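Shown next as structure tokens: one chain only, the form predicted on its own.
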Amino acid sequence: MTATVTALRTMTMVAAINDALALALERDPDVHIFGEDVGIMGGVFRATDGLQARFGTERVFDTPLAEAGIVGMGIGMGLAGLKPVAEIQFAGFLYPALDQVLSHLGRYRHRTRSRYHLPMVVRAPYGGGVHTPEQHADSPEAILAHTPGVKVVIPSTPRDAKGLLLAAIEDPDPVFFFEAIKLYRSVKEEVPEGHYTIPLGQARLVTEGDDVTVICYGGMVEVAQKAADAARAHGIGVEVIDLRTLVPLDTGTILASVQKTGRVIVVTEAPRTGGFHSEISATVAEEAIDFLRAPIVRVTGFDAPYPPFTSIEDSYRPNPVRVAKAIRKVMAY
């Protein structure tokens, strides 16, 4: 971690994100923030609260309800030498912009043989746990991870959210930055004041253990931690790895843990078929199968749209009980 910090301050994740955005605007005049309701309203979750009043309507501004237009405008701004930070109000609203993402955003560096970089960040809240309406809790990270040329970052703590977001804004290539809705105000921790960055592509070891490796990210980290605590009470040592970045992926940390424990569980809340959990599982199977003592187990959402509003969400979204069951399964193999 690189830093020029002076003190620590207790923050929620959404406050840490707001702090990072303010620092980026203050330090670099090329940074511009835009999206639906990010200006006067300060964003639907208030992640951009107060930024327009502080930095003006030319630096922080509202856009029409047009995701393809938001991303397309950002592409033009990035190619012109600016550093656009676009907010998609919910990750499930990203789909109209996929043509811009798949056909243009991820291709410019390759298309121009690295003569042009596209330093754009696309922020979006994702995931469930708060009983939102339809399309507000989707987890489309696998679609983006499958898109060459873009990076995908998903923090799980306020400290990581600030450092990773600042690193993403300073990155020369496009970065998708997903923020778990469930974590916006449910977790607090001490966060360094001032500017610091956490390098993209470095996973975080949350808890150490010798028996089982649980790999997760974003909103599933707290779920895995609770399951690990319960397992520890029964003498099972669970090592929880928070990926933080899906692209680039820290395979070194994953494989080192697998070689130690020999048992792997991957936890995500996205649908099961074709999710990023499958990519992690394939990587482990290809690179560390000689160390496995049990089959890899995935704990995921289901192959159905995320359920809106109702308590059915509590059955769809992975929870500590489901992860604990997976831990018992691999230990009993």
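Residue positions are given as counts along the sequence shown, with the first one as 1. Since we're looking at a predicted model, the values are computed, not measured.
Beyond the structure shown, there is the form predicted in complex with a further copy of the same chain, which is absent from this document and is the topic of what follows.
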- Task: Verify the flagged residues R107, I143 and T283 against a further copy of the same chain in the model of the complex: is each one within 4.5 Å by a non-hydrogen atom?
- Result: yes
- Item | Listed range touching a further copy of the same chain, judged in the model of the complex by heavy atoms within 4.5 Å, from 111-119, 223-231, 162-170, 187-195 | 111-119
- Distance check, V267 to a further copy of the same chain in the model of the complex, heavy atom within 4.5 Å: no
- Query: Hey, in the model of the complex, does A294 get a heavy atom within 4.5 angstroms of a further copy of the same chain?
  - Reply: yes
- L102 near a further copy of the same chain in the model of the complex, any heavy atom under 4.5 Å? yes
- Query: Applying a 4.5 Å heavy atom distance criterion, does D210 contact a further copy of the same chain in the model of the complex?
  - Reply: no
- Task: Scan 269-284 and note down the residues that get a heavy atom within 4.5 Å of a further copy of the same chain in the model of the complex; none is a fine answer too.
- Result: A270, P271, R272, T273, G274, G275, F276, S278, E279, S281, A282, T283
